[in-house]
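Only one chain is given next, in structure tokens, and it is the form predicted alone.
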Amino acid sequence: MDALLDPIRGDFGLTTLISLTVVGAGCGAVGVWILQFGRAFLAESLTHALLPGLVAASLFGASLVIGALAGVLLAYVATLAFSRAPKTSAAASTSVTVTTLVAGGALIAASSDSGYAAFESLLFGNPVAATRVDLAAGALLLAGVTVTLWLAHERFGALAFDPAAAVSLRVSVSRVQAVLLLVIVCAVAAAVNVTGSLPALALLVGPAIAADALCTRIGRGVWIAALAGAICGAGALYLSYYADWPAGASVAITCTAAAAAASCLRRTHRSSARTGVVAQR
């Protein structure tokens, strides 16, 4: 019992555990749709592009969730502006936006003596420093994401698997894509608020990869990814405590390990099935 309770004792342990579990579950569920729609590059870009908003919020003492949302909104507007240039693809405009905003975040950090320390913390994360306000903001954000995923599940599924049929069923492609973008933005804001900019992508994609390897049904996969994300978030706290590793890096390690383990399990199952078929013949 001491081994289970020691990491969550103290002023921040239980808050950190709840925060990582809640955010992990929400990001895992969103990650399934990120993979289905091929939006991993977009999610990765957003985790970096919101740095100016995060740095500004940190320097002025505002909520990091608000800073993340403001940073993502700035990134979205900048991407649209760059994409209107002649012969500019969406990937090119996104790349320019990300590099510009990361540089902007570094410049904002350089304007203050404590800016560089805040910039490093925002890059690599410090879940142990999560406050109850951060927990409440992240939980509220992910509650909205959960409701949105439940309401838009059928439309997401129709557009992901058969876009032509979705149009014939009067599913608005532009509206579904706009809702998906909003869900990704909220999930990224919640993840970055807890894990930092760099490990956030692992929390969004790792549990979803594990669910995809273990399940072929999208509805069940969302629940499996949410469970995997919650386990990875909680496991990261224990890994950080006992291995004395940074908490943000521990999140990335547990999510990557979950994806790798599920993939290996799937390959082993397929190999065993093939061996059984051969033996029957």
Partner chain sequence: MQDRLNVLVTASDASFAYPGATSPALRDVSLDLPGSELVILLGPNGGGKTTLFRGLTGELAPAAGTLKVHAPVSYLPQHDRSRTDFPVSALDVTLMGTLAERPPWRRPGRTERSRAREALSRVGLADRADTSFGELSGGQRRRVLLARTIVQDSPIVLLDEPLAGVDPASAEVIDAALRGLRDDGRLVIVASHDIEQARRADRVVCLNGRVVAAGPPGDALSPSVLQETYAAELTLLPAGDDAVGVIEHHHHH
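Values in this document were obtained by computation on a predicted structure and should not be read as measured data. Numbering follows the first chain given and starts at 1.
The next section is about a form of this same protein that is not shown, the form predicted together with its partner chain.
Proximity of Phe161 to its partner chain in the model of the complex: non-hydrogen atoms within 4.5 Å are present. Using a 4.5 Å cutoff between non-hydrogen atoms, Leu74 does not count as a contact of its partner chain in the model of the complex.
Looking at Gln36, you'd find a heavy atom of it within 4.5 angstroms of its partner chain in the model of the complex.
Within 4.5 Å of any heavy atom of its partner chain in the model of the complex lies no heavy atom of Arg175. In summary, among the residues Ala56, Ile218, Ala234, Ile66, the only one with a non-hydrogen atom within 4.5 Å of its partner chain in the model of the complex is Ile218. Exactly one listed residue, out of Ala136, Leu169, Leu80, Leu182, brings a non-hydrogen atom to within 4.5 Å of its partner chain in the model of the complex: Leu169. Interface residues of 141 to 163, taken as those with a heavy atom within 4.5 Å of its partner chain in the model of the complex (partner not displayed): Trp150, Leu151, His153, Glu154, Arg155, Gly157, Ala158, Ala160, Phe161, Asp162, Pro163, in sequence order.
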